[in-house]
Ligand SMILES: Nc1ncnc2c1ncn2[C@@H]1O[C@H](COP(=O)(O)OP(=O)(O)OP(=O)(O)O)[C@@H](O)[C@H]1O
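Shown below, as structure tokens, is a lone chain in the form predicted alone; questions about how it binds or moves come after it.
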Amino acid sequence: MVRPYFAVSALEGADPVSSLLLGTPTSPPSPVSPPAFLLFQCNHHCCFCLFSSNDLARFLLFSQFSILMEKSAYFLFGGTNFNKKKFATDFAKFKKCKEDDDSTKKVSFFEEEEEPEHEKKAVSSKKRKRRSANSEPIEGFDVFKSSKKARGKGKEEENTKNEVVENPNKELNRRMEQDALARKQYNIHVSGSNIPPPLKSFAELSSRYGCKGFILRNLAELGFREPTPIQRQAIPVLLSGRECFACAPTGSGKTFAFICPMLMKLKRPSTDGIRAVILSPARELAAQTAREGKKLIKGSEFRIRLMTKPLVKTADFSKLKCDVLISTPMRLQRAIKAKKIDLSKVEFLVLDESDKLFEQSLLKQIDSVVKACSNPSIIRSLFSATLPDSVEELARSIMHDAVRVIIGRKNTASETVKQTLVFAGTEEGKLIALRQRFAESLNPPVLIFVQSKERAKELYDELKGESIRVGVIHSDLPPGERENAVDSFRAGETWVLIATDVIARGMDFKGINCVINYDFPDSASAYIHRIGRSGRAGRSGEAVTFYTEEDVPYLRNIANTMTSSGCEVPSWIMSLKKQKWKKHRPRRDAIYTRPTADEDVQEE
């Protein structure tokens, strides 16, 4: 059984077919009329028949065609009537079509279903490729729809592509989640794009980055078993070629965090000139960095040099073999101005204690060094225990696509240091409180900070006559005496060292038990760096701060720093109004408790 599906014409507007489909009388098509065609579909929806206009009239006389026309939903056949008696002779010709309808399958335009095997015949090469026997029947005819087999194959390919895309994304998300958990464990906070994962152990330096054996061997000899938090994140960042500014507590291993990747990236010694520069704000810190760096290059041919005054005056830097140069900004600027040094091949520039280096008094010197390091592929990095917002803005102005690494809370003191505040009332009261403390429990080594070199001399004069091994260091001393003072304190020959802020930053004194702020610090960052000389590398320490009536307005600022590191502060101090920091260096009375010559004359 077949039914009309739709009509097509060789030319648009063919009258014979269109008028016949609409049920209006028409004459048989003339020989010159354009051929027209009508497409029919069988009841099984599996095949189609195409009839020309010449056979159309006879086909329409099929016995059940009128019933199908009445039930049809197609608008073209609505209201059509046929005279069965008039065409009775023709109905007989189509009865066989009804009997064979279930077994006969019609051929579509594009595909053909296979016949039973016993009825298969040779097929002409001009015919289309037969459809497979397990294909499903077609519901309707659509010249734009591909076969279900093609669609199924397309879906499989699409699913395969999606799996290929999704699997890397899943793996990436899994790694990012692991990295986030590791950073949370070590209190590491990062910001930036495409940040490399933190180190799990020093062994990864070899497996992931091809670290030379002498570096790992020297780290083990120095007692480094596991990376510190700043080393876990800063080393991969610098090894990936990214610029970095990092803030980590005092005594957390920042020096090795930038020297280690620097040596790994340089790979081997070179005679092409200076390849790395480390700037430190003080000579003592520069000397300490050079000393620690030389420990790390033991067993290699790398050369680390400290910029000294004789070196600036006499050395010929064009012939000087040096891979890493460590200097203060002033000395390096002098060498640059004298055109004695070429920094155009420098690959690494490190600003240690960067917040101090970016102070107004040092900005011009830093600017001259940064300009002299003109290598376009240079990697810059900034390290400090305190990182004010103003320093971050300046850092971003000279750095490209930098990664920000913060360990713990930004600008906070070490949590391993016990901090206390002591009200002394007056300058005389501070000296009395200091002597009382020494009488009760003197647990050397002890480091005492004052606000100026004059006051350092005065306090030294007061204590040197007592049974205390005391030393002093300030900027007026010659370099040799300053080095001797530091070395004696490290060796234990000096129990108490009186100092200005010249050694408040970066200096690593092993095992300092107590830091005393004899004079109130002039800023929160100064306080953090001062007390950071104690409690280093996980050790416990103590910090005592004396304050007088003049210091009370700024007491709240220090109290906030103490509470952020977990220390308890009296409630009345926290209720004080917070003052905007200025350089708090009030004019203080001289440190004297012994009668002067004038006082002796007045008594007489």
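Predicted model only: the values in this text are computed from it and were never measured. In this text, residue numbers run from 1 along the sequence as written.
The discussion below concerns the form predicted together with the named molecule, not included here.
The named molecule is not drawn, but in the predicted complex it has a heavy atom within 4.5 Å of residue 510. Though the partner is left out of this view, residue 252 does reach within 4.5 Å of the named molecule in the predicted complex, counting heavy atoms only. Contact check for residue 493: every heavy atom lies farther than 4.5 Å from the named molecule in the predicted complex. Though the partner is left out of this view, residue 537 does reach within 4.5 Å of the named molecule in the predicted complex, counting heavy atoms only. Residues placing heavy atoms within 4.5 Å of the named molecule in the predicted complex fall in a single listed stretch, namely 253 to 261, out of 253 to 261, 173 to 181, 414 to 422, 400 to 408. Checking 451, 327, 228, 517 against the named molecule in the predicted complex, a heavy atom within 4.5 Å turns up for just one residue: 228. 353 is the sole member of 243, 501, 323, 353 with a non-hydrogen atom lying within 4.5 angstroms of the named molecule in the predicted complex.
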